[in-house]
Every structure is written in structure tokens, then in C-alpha cells.
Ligand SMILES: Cc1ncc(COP(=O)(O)O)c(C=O)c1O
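Below sits a lone chain in C-alpha cells, taken as the form predicted alone.
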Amino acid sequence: MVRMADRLGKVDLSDVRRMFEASSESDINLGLGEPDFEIPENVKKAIVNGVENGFTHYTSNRGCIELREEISKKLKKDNSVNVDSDSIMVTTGASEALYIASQGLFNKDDEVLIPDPGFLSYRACVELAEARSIPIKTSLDDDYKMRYENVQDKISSKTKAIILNSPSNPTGAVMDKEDIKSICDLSVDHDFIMISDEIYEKIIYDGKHYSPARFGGNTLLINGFSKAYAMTGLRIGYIAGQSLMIDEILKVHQYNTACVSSLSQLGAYEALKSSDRYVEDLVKEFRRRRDLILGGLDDLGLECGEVQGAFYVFPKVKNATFYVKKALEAGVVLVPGKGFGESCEDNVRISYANSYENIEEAIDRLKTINM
């Protein structure tokens, strides 16, 4: 019998995908974090033109220089971050950026601070690098915001990095500027790296997004085009930071992927150049859906705190495993909270990246559940 690598025993397949596989066509899927929008029309045209003009070959390992220059302009304009094109690498989605950063940075038994609740890939990527994930627990009473004090208490001599995610998947929490800046100061004082997952930065309703990279320190900024531009299937993101770190992480990317799809890079370039109105309309619609689902959860007697960004709510229920099972029987796909952290056994994640009408129907179906 073939013996697999021991590190795989620490990692489970995602409950998000597991629930997706368990659903039927008649179910309303509020489990996937995928916007139900078409990509911008100008992006479609750019990709078609790329095919017709033969832009279908390898690009630089780092990504097309034109796209990296456009990302550099975007970071300066939107995030007050000055990073040149040589300090940016285009990746196969933000997911690859997170994975290769983990492989490039972490040694066995390094400690990496991760949010709890937090995106399930954080722990998996840390464990696959044979490092140790240290949860920074946040609470519903504080709207699941990560605080400076929470982080300070978890720092040790083995702390190598912290992963931040604001707005948050799965809670929709947006970190306060003061906490972000204070954690940046901690990273300098204790010499650890900040990995900032900013994939939801554009989808924000209340408050403002602040990138840790604007405050200095050893910061790796991760972002992509899946959420704000609905380009999930095109699999394109990027990682930006100090050139020495990017140069080393490039080794992992080169042997893992070589380079990102040329056509996806063309689409991403076009998205950054001329899709601001598209993003504004997308966020406006998500705000409408957020208000709908928060009202529905209130009717159901479920509490999830303030939701300032992204497109998820993370309410507490009496028995999450049972609730998800009963919801599926009622024709609604939800995701149990346990995969998002040690403190999440009594939560479910609900995505409102589905149509307004489907969300209305899903709420009506959930009202039939007897707990």
C-alpha cells in the first residue's frame, strides 16, 4: 500500500466543496463564495481579442510587465502603497499566492498567527508547510474584529508571521485602522511577517479598508480579481512585497505553475484599466443583498453581529451540524462553521453571492426548519 506524506494527515478537504458536491440542482446554494455576475464586458472583449491575435503563449514567470505596472499604479492609488513592478508577482489566484508564500517563508515548527474565525485555507497552507497555526480568536460580541491585544498575547519567540484578512471571510468583519497599524508595529518590534489577504477590499459597505502595507514593516500583500470582478474561473491574483521576498517565493511559483494564463492576465489588465463602474454596481447589489439577509436572519432569531464587507454572514446556531443537515433537507446549502476555526462549532457560514430572489426563497425555506 502506498504511504502518503505525513503532512497530508493534518489537512482535510474543504467543507465548502463537500457541501457543493452534496447539493442538487433544486437546492439554493448559499455555500460558495463566488459572485453570480458575468465578468465585465470590456474584459470579455479583451480576452476574445487576445485569442484572435494569438496572445496564447508563455509569459514571464512574474507575469506580464504591463499588468504588473498597472497593479503597481492601483496599489499606489487605492492603498497608498508604493511597490514597483519587480516587487509584484502575478499568481494563479490569491489561493496560489497564499500557498507559495507559505512554502517560501515557513519552516517546520514556525508559528503563524491566523484569524479564528478565518478562511479555511490559512490553516491548511500553514500545516502543509509543516509550520504551526496559532489561532487569534475573535468574538461575536466584538463583531469578530481582530484586535491588537488579541495578537500581542499570542506572540512568542517562534512567531514567524501573521495572516490578516479584512474584510473577512467568513464573518464580513472589517478591521479598524488603529488595530492594523498597531499590529504592524508589533511585527517590527518582534520581527515577524505580515501576510495581508485583501481579496475583498473593494466589497465594503461600512468603514474603510486599510492595507497593512501602507504602514511599513515586512508585509506581503495578496489580492486578486475573483471577487470584485467575478473572475473566479480565470484564476488570477497577485502578491506584492519586498523584492527579496518576492524573488525567493518566485522559485516556488516557477516550479509549481511556471506562469499564469496569458489570457487571464490580459483580462486582469483590462479590469484594472476601465472597470470602476462595474465594481461600484456590484458592491451596490451586494449591499442590497446583505440588508436582505440580515433582516431574514433577524426574523429567524439568528445573530451574526455587524457585517461591514465581503459577502458572508456567520450566525450562531444551536447545533451547526444538525442545522446544516436540516437546511439541506429544506433545499438550502450552507457551510458548517467548524472548518473556519476552533471557536466556530456553533456557527454556519452563509454566502449571499446569489440572486436577491434566491436569497428571499432560501430564507423562506429556512423558516420551515424546526430546531
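One rule holds for the numbers: they count along the sequence shown, beginning at 1. In this text, all values refer to a predicted model and were calculated from it rather than measured experimentally.
Not on display, but discussed next: the form predicted in complex with the ligand.
Within 4.5 Å of the ligand in the model of the complex, a heavy atom is found for all three of 95, 169 and 312. Picking from 219 to 227, 151 to 159, 186 to 194, 77 to 85 the stretch near the ligand in the model of the complex, with a 4.5 Å limit on heavy atoms, gives 219 to 227. The ligand is not drawn, but in the model of the complex it has no heavy atom within 4.5 Å of residue 273. Among heavy atoms of residue 235, some come within 4.5 Å of the ligand in the model of the complex.
Mapping the unseen interface onto this chain, residue 165 counts among the residues with a heavy atom inside 4.5 Å of the ligand in the model of the complex. With a 4.5 Å cutoff on heavy atoms, residue 246 does not count as touching the ligand in the model of the complex; it lies far away. Residue in contact with the ligand in the model of the complex (any heavy atom within 4.5 Å), chosen from 99, 106, 200, 269: 200. Contact with the ligand in the model of the complex, defined as a heavy atom within 4.5 Å, holds for exactly one of 210, 122, 144, 286, namely 122.
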